[in-house]
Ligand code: GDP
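Single chain ahead, by itself, as structure tokens, in the form predicted alone.
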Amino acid sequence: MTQAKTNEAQTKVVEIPSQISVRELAQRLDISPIALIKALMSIGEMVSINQTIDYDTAAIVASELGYQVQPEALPEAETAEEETEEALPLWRRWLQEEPPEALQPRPPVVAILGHVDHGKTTLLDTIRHTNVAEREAGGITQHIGAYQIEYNGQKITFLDTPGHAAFTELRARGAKGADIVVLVVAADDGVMPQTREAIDHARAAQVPIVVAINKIDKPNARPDEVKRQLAELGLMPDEWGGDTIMVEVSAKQGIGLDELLEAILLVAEQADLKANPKGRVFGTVIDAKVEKGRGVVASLLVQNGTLRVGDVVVAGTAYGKIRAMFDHQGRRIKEAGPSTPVSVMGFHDLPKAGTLFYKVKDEKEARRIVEALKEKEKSQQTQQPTLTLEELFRRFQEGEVKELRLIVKVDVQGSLDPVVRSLEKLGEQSEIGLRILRADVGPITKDDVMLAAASKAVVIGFNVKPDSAARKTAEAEKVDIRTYRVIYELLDDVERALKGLLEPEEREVFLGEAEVLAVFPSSRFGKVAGCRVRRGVLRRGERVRVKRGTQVVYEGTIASLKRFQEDVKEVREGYECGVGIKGFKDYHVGDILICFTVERVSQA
């Protein structure tokens, strides 16, 4: 970049949305996509031209290139009731609207995931010095809760979820499940199917993972073997030169908990988590239930602002005025700031887990918003399409989708590697990203479908079928399941999808040309041209180019086409007609009108 260009860029302000493709960012920065990709590589981001990056990454690279950056302004009319299924982009934009100087560090929100009976709840129980596990039926967590502890003067909020399925349901409804995932793996049991699934869900959510290798007090504990198994799954221990912190713990004996909490705070510090305690009040519904004598009791996680008793809040199609608020130990409190979990009373209806809640002015406004949302949901229930490969193509054309995401299930291990390698090869040959979120052996399950729903993915099955629960969930969540018995048919379908997802090229198609024989006055256009069609056809509504000799003097649209004072849609070769072009009246006898259309065609 020249010095003049750099000085010019330093005074230029660029607006960036919460998510932006590399191609679009390059256009906004007025540099080539290749130069931008090199700049991103210099800050450690390996991306392709069509990949989407978040605001923070875009802001860093734009600042490096000398631009002043600010969040893209939102339309004034945008309100929460306009976004029922897109809570995640909405709260991200709300957070970006907060003045940077008002943002303060907030506690991290941590989800504990892992295989059943590997000690998730016992670990949390030991950390917060309470006895939740014994109160749960069979020692297995039965509900979604959230709890906050303090370690070395810093607070940490834990989501006590029944597993990755609940974590994913939060994401499927648009919520941010957590800032950090603690993956619990038993040292005597090693990596199990649900361990792999939990890793898939954390990766799909793009959340950093800290591994807690539990039960190291057992005589048959094999922590090094567990690390090896995790390394094979792409989680390389930091002590082996990787970037995944792994801590050996014993939840029952309290071994290694200090190291685990320090690791969580270290990862949180790197994430630079902030919120505005005095800003707009919003957060996520963790759970809700009806309790006898208390009515609807909802567990909420405040993400920004300070929630207070007496506030009126809306969560999807539920609303209410908060009559009472309790902390995670059941104590009455009057207010709660960012990353604080609370139980509240006052909702009229049960809000759904994972729904965005936000404060509004009063109950009158809340009722108006909820009624509008209910009407919108009624129409959406019949209109919402299944996310098929074809629907992905449509969404890509509209800029909503930037990569093809797949869940791959096959019948035997011997089929898995060839299928995955072939798919990855297709992705390498395409400009569009192909991301395999999960590749495993076995039937298509409900968990596969929930991961696909949360990640906007398509489920591909090779010689396997979905079980009944998966079929019902796919129907409810509008997830496309495609099954194949021949690998070539599977690969052909995906290849067609990738070609369809490529940004279409615009191609000009010649329709016809006419010569201007006379010029007439017109009350509507000022002047119109009397023409004879020399080749092809002229069509009303299509593009037209006015040529005078070798020069193009105007390009526009045929707004009027007449034969003998009658409006017609088209006039073919050899016939005379009157032509009115929108925005043009400087016709000369002898001008040539070239009629054409522009087609968008997928790259082969």
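Numbering starts at 1 and follows the sequence shown. Here the structure is a predicted model, which means the values were calculated and not measured.
Below, we turn to the form predicted together with this ligand, even though it does not appear here.
- When contacts are judged by a 4.5 Å heavy atom cut-off, residue 195 does not count as touching this ligand in the predicted complex.
- In the predicted complex, at least one heavy atom of residue 214 sits within 4.5 Å of a heavy atom of this ligand.
- Shown alone here, residue 315 lies farther than 4.5 Å from this ligand in the predicted complex, counting heavy atoms only.
- The closest heavy atom approach of residue 116 to this ligand in the predicted complex falls within 4.5 Å.
- Proximity to this ligand in the predicted complex, taken as a non-hydrogen atom within 4.5 angstroms, holds for one residue of 446, 252, 128, 435, which is 252.
- The listed set 122, 473, 148, 276 contains one residue whose heavy atoms approach this ligand in the predicted complex to within 4.5 Å, identified as 122.
- Only one of 149 to 157, 260 to 268, 217 to 225, 200 to 208 places residue heavy atoms within 4.5 angstroms of this ligand in the predicted complex, namely 217 to 225.
- The partner is not shown here, and in the predicted complex the stretch 296 to 312 never reaches within 4.5 angstroms of this ligand through any heavy atom.
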